[in-house]
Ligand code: COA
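Coming up is one lone chain in structure tokens, specifically the form predicted alone.
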């Protein structure tokens, strides 16, 4: 029986570390000012989010989401013992594409040097924080039915250029960082139902679509930019907005339900799972999920404290970080649960 196997894993974060203390002094060019710009501090941020620091790309405009994706992809491909030309499909999840269209996956294909060599399929998916589980479900289906044999699944985000560096935007601004994670997936022959990608599930509830959104390209506005983007009284549409309480409650509910369903539908227990890797949106959300779903705390892996929320990248980025620390080992089984704007959510069980 053909099942899907994780062949390689890689991640990348920029060098610049932005602490909670520093972020309060940054302007929209990420330059530290002499006086505080945003009414926030380390205690305020940690109490609400658990975040201590995050990573930012340089503020010179020379780094793109596709560049972060490229570095993570090269590492995942090398980890799989493959060459870029072995990839026959790319699936990229991001809410921060290089530009409005075309999608960023084709840009990554070109930067990998395979655009004129393989003409591999390129998919961009827009499920935000749930994109990696959605993408894994797609990849698993493609591989099981024989459509593709070497799929590069990427989550990559460059948030730092699209945040509101002011007290008005602090609830969203303090959460996000830049980074990328990638996996290479391929087929394996096995009759063991607990090997490879064991389970995926994806869900959505459009009733929550406007509770976490960015409306800059809202179709009802003609032209799209009918305001002075430099006028802070007019430019709120440039930035993400969030109903924090609704997102928090629905995130806990969705992640708990999807985690419990994953175990119930596979007949597994926490004895069968080495690690729980939740989406890294807010440490307080993850702590509540662990409490309500009765997840063994020693099996929980987080990176939000030092990477912030990297949206589509958080799951592979977290797994790879702890693998580099020697904690996650080849053959370990992971249960991952995610929740994102849309609302979208889901879960996956797989071996690394």
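All of these numbers come straight from a predicted model, not from anything done at the bench. Numbering follows the first chain given and starts at 1.
Just so you know, the form predicted together with this ligand exists too; it's not on screen, but the next bit is about it.
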{"query": "This ligand in the predicted complex: contacted by all of 175, 247 and 309, heavy atom 4.5 Å", "finding": "yes"}
{"query": "In the predicted complex, the residue from 71, 140, 164, 171 that sits within 4.5 Å of this ligand by heavy atoms", "finding": "171"}
{"query": "Selected contact from 48, 323, 52, 288, since only one has a non-hydrogen atom within 4.5 angstroms of this ligand in the predicted complex", "finding": "48"}
{"query": "Segment that reaches this ligand in the predicted complex - one of 294 to 302, 58 to 66, 33 to 41, 315 to 323, heavy atoms within 4.5 Å", "finding": "33 to 41"}
{"query": "Touches this ligand in the predicted complex: residue 94 (any heavy atom, 4.5 Å)", "finding": "no"}
{"query": "Contact flag, residue 109 vs this ligand in the predicted complex, heavy atom cut 4.5 Å", "finding": "no"}
{"query": "is_contact(residue 259, this ligand) in the predicted complex, heavy atom dist at most 4.5 Å", "finding": "no"}
{"query": "Contact flag, residue 282 vs this ligand in the predicted complex, heavy atom cut 4.5 Å", "finding": "yes"}
{"query": "Within 326 to 343, the residues that have a heavy atom no more than 4.5 Å from this ligand in the predicted complex", "finding": "339, 340"}
